[in-house]
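We begin with a single chain expressed as C-alpha cells, specifically the form predicted alone.
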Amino acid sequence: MIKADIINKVAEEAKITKVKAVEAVEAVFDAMKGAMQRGERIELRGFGVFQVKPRKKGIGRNPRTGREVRIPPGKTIRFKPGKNLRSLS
C-alpha cells in the first residue's frame, strides 16, 4: 500500500473528496514527523508504537572495496506493532 492508496481509502471511508483526504493524510503525517523530530513517542492504540532510539557509533565495511568505514552515532525510528496488529499474522 502506498500513500495514494491510503488517500483513496480515507476518501472512500470518510465519504469526503480526495482533496480533503490529501489534506487530512498530510496533516497526520506532518504531525507524526514533527513529533519524531522532537524525539517524542507516538502510540496508536491497537496499531503500534513509533519511537526514536539512539544508534551507537560503529565500524562498517564498504562492500566494494572492503575498507573500514566509521559509522557516526545517530538516531533511528523503531516500530513495535500493537497486540491487535501482531495477532493478524
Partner chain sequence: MTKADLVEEVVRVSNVSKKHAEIIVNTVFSSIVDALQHDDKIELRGFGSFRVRRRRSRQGRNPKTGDRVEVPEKRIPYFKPGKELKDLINHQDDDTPSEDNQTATPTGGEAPAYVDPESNS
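Residue numbers count along the first chain shown, from 1. Only a predicted model underlies this, so the values are computations on that prediction, with no experimental measurement involved.
Keep in mind that the form predicted in complex with its partner chain is not shown, yet the notes after this line are about it.
In the predicted bound form, its partner chain lies within 4.5 Å of some heavy atom of K9. In the predicted bound form, at least one heavy atom of R45 sits within 4.5 Å of a heavy atom of its partner chain.
Its partner chain in the predicted bound form comes within 4.5 Å of a heavy atom belonging to T76. The closest non-hydrogen atom of E23 lies within 4.5 Å of its partner chain in the predicted bound form. Contact annotation for 25-49: residues with any non-hydrogen atom within 4.5 angstroms of its partner chain in the predicted bound form are V25, A27, V28, F29, A31, M32, K33, A35, M36, Q37, R38, E40, R41, I42, E43, L44, R45, F47, listed in sequence order.
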